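Listed next as structure tokens is one chain, alone, in the form predicted alone.
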């Protein structure tokens, strides 16, 4: 976490509280996985929800479902006829997410796929995408971006999580671990791509927001 505990506590006291099914999902994620820190925080979920509501997307693609907390937050902004496709490689995590998708008001709008996103995305008959959330294996962030950028609507948004990677990117580059190197390459790639305007939001572990101009 890159912000102080005092700031984090203050933020948690001053935003709209979670819906019941999100509270239950967060608790089950803590109990049934060893990776609960991978889930976005409730206030980051509110940010995803607000961005989705501003975009009001007809089609959302999420790469990396985990247990579905971010999926449900993003779904809040979908158009009435909108659809969200989310892809998760781990079948055990998908069991949890599918349970809570059915408990939510968005069960008919969410298509949950299990497998390797690098293989699944090229075979999806996707029309123009309005919103993408990338939160899967960090070494393939650049590959995921390359797969989706040509499928984006002009004015669409690509969000990428963990782009500050626990503050490790602030070290000297010769001291980077493997993931830090992948994330650093990705951040530079976004900053240099003329098809987008990009900014890094220093919330939690860093959220990149890319506005698609093409």
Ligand SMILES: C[S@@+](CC[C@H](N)C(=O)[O-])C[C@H]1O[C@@H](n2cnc3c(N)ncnc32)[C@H](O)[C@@H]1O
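Numbering follows the first chain given and starts at 1. For clarity, every value in this text was computed on a predicted model and none was experimentally measured.
There is another form of the same protein, the form predicted in complex with the ligand; it is not shown, and what comes next is about it.
The ligand is not shown here, and in the predicted complex it never comes within 4.5 Å of any heavy atom of residue 52.
Residue contact check for residue 40: one or more of its heavy atoms lie within 4.5 Å of the ligand in the predicted complex. Among residues of the shown chain, residue 89 is one whose heavy atoms approach the ligand to within 4.5 Å in the predicted complex. Residue contact with the ligand in the predicted complex: residue 133 places a heavy atom within 4.5 Å of it. For the three marked residues, 64, 115 and 144, a heavy atom of each sits within 4.5 Å of the ligand in the predicted complex.
In summary, the region of this chain contacting the ligand in the predicted complex, judged by heavy atoms within 4.5 Å and restricted to 147-155, 169-177, 66-74, 183-191, corresponds to 66-74.
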